[in-house]
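Just the one chain here, laid out as structure tokens, in the form predicted on its own.
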Amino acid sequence: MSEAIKDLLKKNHMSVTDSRLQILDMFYHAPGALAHADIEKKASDKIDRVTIYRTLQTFEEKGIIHTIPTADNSVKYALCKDQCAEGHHHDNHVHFVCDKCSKTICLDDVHVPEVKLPKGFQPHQSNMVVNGFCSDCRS
């Protein structure tokens, strides 16, 4: 997996650093979206909060990860698919948040419906979050 991560960084004209490798590896192995605090807990002691924040911000700008709004006005992050590029996110899918385990999952095959806006309005981004119980918690 580390070769794929290195290739992704190189494809996006980014330096391959230990912190970037470690953070991206977390996304590749996560069952759902990650919050800054999740990454901070799992990261080695060598990666401080500011480095994590800057790395997430850079990954988002490069189209490697996308943001997911949460009910408490914070943000979670998930890997983008191949269609995303620097400055152009195409993750127009629904996100699901489990009310029991709090896992946030990208529903890649469920697209955000088109919203007809009044004349003169231009959308920049649409987010749709569905809450309920995931398949693990439903039983």
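C-alpha atoms forming the largest set that superposes within 1.5 Å between two forms make up the rigid core. The first residue of the shown sequence is 1; numbering continues from there. The structure displayed is predicted, hence computed values, not measured ones.
The form predicted in complex with the DNA is left out here; the points below concern that form.
Engineer: Within 4.5 Å, heavy atoms only, which of 49, 100, 111, 42 is in contact with the DNA in the predicted bound form?
Structural biologist: Flagged contact: 49.
Engineer: Specify the contacting stretch among 49-57, 64-72, 26-34, 102-110, defined as having any heavy atom within 4.5 Å of the DNA in the predicted bound form.
Structural biologist: Contact criterion met by 49-57 only.
Engineer: Test of understanding: in the predicted bound form, would residue 16 fall inside 4.5 Å of the DNA by heavy atoms?
Structural biologist: Answer yes; at least one heavy atom of residue 16 falls within 4.5 Å of the DNA in the predicted bound form.
Engineer: Can a Cα shift of no less than 2 Å be assigned to residue 99 between the shown form and the other one, given superposition on the rigid core?
Structural biologist: Shift of 2 Å or more: no.
Engineer: Does residue 45 move its CA by 2 angstroms or more between the shown form and the other one when the core is aligned?
Structural biologist: Where the cores coincide, residue 45 still shows a C-alpha shift between the shown form and the other one that is 2 Å or more.
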